[in-house]
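Below sits a lone chain in structure tokens, taken as the form predicted alone.
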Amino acid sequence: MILDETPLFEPRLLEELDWSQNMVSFCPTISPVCPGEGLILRPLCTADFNRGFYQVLCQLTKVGDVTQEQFIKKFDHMKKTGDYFVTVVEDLNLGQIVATATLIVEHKFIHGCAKRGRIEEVVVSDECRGKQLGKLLLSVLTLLSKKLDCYKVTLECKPKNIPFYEKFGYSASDEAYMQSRFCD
């Protein structure tokens, strides 16, 4: 199995977002096509396995010991379904992934067989916090879910982060988030 630059999803989806519909301001100004000096926002590719993708995810949660083979197998599965939009920010000077977030599209029988977006695993590396990258990723994936005709997009967050997400048009739901964990 070989690592390469094949994107998880069509990069054009990010390039063609209607940025005028973005709900938050950036100071200094950044966008999906100009995320900052020396940075690029793009879909995940398998070569990111060696660019620190897992080191960034480790700053969010436990990731386990994932082999290159496991990573490629999961990547191929996600690519085949067409419902996973793992987006990364790469620092081109370092050749390292410095931020990532995921949009998953769920297919429903409700709402006329509609689609629902779910944003997960938003994380910016410690060294790059304060550069608005989390804000950029959330804006991008929110707009992408709209572009993909999702009837809604949701995310889970800690209560202390609610004011941050409200800036993007998110509001607390009457539904309670519950879980049944089978491992840590």
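Predicted, not measured: the structure shown is a model, and the values here were computed from it. All residue numbers refer to positions in the sequence shown, first residue = 1.
Although it is not shown, the form predicted together with a small molecule is what the next lines describe.
- None of the heavy atoms of Arg118 is located within 4.5 Å of the small molecule in the predicted bound form.
- Of the heavy atoms in Leu133, some are within 4.5 Å of the small molecule in the predicted bound form.
- Proximity of Glu69 to the small molecule in the predicted bound form falls outside the 4.5 Å heavy atom cutoff.
- Contact check for Phe164: a non-hydrogen atom falls within 4.5 Å of the small molecule in the predicted bound form.
- The partner is absent here, but in the predicted bound form a heavy atom of Val122, alone among Cys150, Val122, Leu143, Leu44, sits within 4.5 Å of the small molecule.
- Contact check at 4.5 Å (heavy atoms) against the small molecule in the predicted bound form: all three of Leu60, Cys157 and Lys160 pass.
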